[in-house]
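Single chain ahead, written as structure tokens, the form predicted alone.
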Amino acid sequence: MAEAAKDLSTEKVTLDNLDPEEVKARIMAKYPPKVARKRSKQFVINKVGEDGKTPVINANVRTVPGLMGQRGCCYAGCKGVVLGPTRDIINITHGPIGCGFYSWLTRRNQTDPESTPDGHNFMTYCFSTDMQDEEIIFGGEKKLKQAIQEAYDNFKPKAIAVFSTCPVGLIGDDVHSVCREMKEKLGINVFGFSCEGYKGVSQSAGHHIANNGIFKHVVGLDDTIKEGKYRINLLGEYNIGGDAFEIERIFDKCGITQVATYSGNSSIDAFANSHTADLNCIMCHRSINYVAEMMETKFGVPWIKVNFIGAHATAKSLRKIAQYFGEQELIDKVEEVIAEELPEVEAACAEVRPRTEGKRAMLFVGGSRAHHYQELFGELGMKTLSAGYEFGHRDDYEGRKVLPDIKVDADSRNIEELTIEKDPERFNPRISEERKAELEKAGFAFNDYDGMMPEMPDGAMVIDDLSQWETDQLIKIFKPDLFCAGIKEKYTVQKHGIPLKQLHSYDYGGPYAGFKGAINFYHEIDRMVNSRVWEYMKAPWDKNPELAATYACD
């Protein structure tokens, strides 16, 4: 081990010339035995069997106290991720001002207010009850009522949502009774979320709570059938840096009608009408699969997994949508669009790839992004050394085939599981059993996600809930050319002289989805991994500490 450590300090290494098990053992050796046993189950070396089976990874479990991880809280997942990008709902944070402020526009979600008749856009405002000591001691329900009334008087919105923070749960404010009272008084949709930050083990709990709330209070309120053929919903796309705009451009070009997006560039009217679509397409599996499953159970709308990150992944997803509808007109149009878009993408890739070929990346983001972006890096000839999720579950890593084996723990039981039944009047299977069986026989997958690990090479390190200390060690050992994570990790990583690309908010870039997005990403990564600025992270005297001089008197 000492000999290996010596080699690591003098050269860039890859998984080809270093045993990943040795790296794992070296990192685990620094932990107390109990912590090492737990972390070793979350730090696995990938090996894909002939049947597609991968090693078991421990995920969606509590972070070890004392370890600085990447995760966010339940409130952040509910308000910041799922509901934050919806422009015409006034989102009121019931809690201290810091919770509202730090979940406000931090993900660079974009929106187009002109796409709805009223032009409402409340995303530019930060609404909070700004709880003080008095409310913590005597209760904050009165102040919440005042805040809802004030928001309505000033903006006349169609809907108001209330998000509970940690102190609200601790003091017992009943936000739901307040919302029901104000809904009756104002005559608009007012609903609340019990998304106190301490619930669950990460922001994943907040995603689940947001899915439940939107389904209970909004989905199904408008049965109007939207005009257009091939009507779909896009779920788990949050329009960061304009991703949803690029995907919408491609759909329009193909003649595909998008009923709703959950929840980039979204409106509450689209949510209310989304159950009328003929297909749900899921991008981020972890954050939004709950709505898709409930919509299928209640209204008969099937769902499929798609990926619009990467040009070839985009083409594959378009073909999958066309295959589902099975109409030659759409199949031909999709092929026409792909043939029109790909040459520009391939030309950009051919220009950049000679400068990125063989570069090495690590990705630790989100619940699907660490998987999806490996597609783009592969197009650039780059290698993924290690990847993992902040808030993923086992099925995000190993695929949905492991769902029956996942045990529900106490933290997951804190999250309400809705009992959904077929709507007696509106349940309408969008596809017959015969057609479904025909598609499945041809290899078409419904309600399925293979997960990240089956598509990663053997020997790659898959790490759940990466800690800052582990980040530092991986960088010192492998010296990757690029590290992908979030804002909390950005500057600590860059102090190592390694560029970090934020894949939560894209720094100042984007879009990276679709065909145009792939071109943007190629050039961005080329600039980052080939910039000479990282050579100057160390001062000259740190690189060459030996000094030579003579006395002036000589």
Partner chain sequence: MLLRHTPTEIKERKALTVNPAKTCQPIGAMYASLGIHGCLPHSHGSQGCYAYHRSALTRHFKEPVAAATSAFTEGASVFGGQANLLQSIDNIFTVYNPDVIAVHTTCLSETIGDDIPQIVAKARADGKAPAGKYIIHANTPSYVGSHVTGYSNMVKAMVDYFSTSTGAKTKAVNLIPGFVEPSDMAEIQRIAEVMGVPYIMFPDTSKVLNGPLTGKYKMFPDGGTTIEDLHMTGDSKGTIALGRTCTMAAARALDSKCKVPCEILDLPIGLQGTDEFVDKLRLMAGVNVPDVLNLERGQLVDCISDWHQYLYGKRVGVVGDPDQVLALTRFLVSLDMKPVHIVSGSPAGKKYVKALEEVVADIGEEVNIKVPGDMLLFHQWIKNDPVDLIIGNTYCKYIAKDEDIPFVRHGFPIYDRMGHSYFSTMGYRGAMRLMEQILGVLMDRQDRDATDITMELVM
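Rigid core: the largest C-alpha set superposing within 1.5 Å between the two forms. Numbering follows the first chain given and starts at 1. Computed from a predicted model, the values in this text were never measured in an experiment.
What comes next is about the form predicted together with the partner chain, which does not appear here.
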Looking at the partner chain in the model of the complex, do all three of Ile304, Gly367 and Phe444 come within 4.5 Å of it through at least one heavy atom?
-> no
Stretch in contact in the model of the complex with the partner chain, which is absent here, among 306-314, 265-273, 102-110, 455-463 (heavy atoms within 4.5 Å) | 102-110
Among Val201, Ile331, Val178, Ile431, just one has a heavy atom within 4.5 Å of the partner chain in the model of the complex, namely Val201
Heavy atom within 4.5 Å of the partner chain in the model of the complex - residue from Phe377, Phe127, Phe478, Phe193 | Phe127
Is there any non-hydrogen atom of Phe163 lying within 4.5 Å of the partner chain in the model of the complex?
-> no
Is there a heavy atom of Gly69 no more than 4.5 Å from a heavy atom of the partner chain in the model of the complex?
-> yes
Can Asp411 be called a contact residue for the partner chain in the model of the complex at 4.5 Å between heavy atoms?
-> yes
Report yes if any heavy atom of Glu344 sits within 4.5 Å of a heavy atom of the partner chain in the model of the complex; otherwise report no.
-> no
Within 4.5 Å of the partner chain in the model of the complex: residues from 140-171 (heavy atom criterion) = Lys143, Gln146, Ala147, Glu150, Ala151, Asp153, Asn154, Phe155, Cys166, Pro167, Leu170, Ile171
Using a superposition on the rigid core, decide whether the Cα position of Met537 changes by 2 angstroms or more between this form and the one not shown.
-> yes
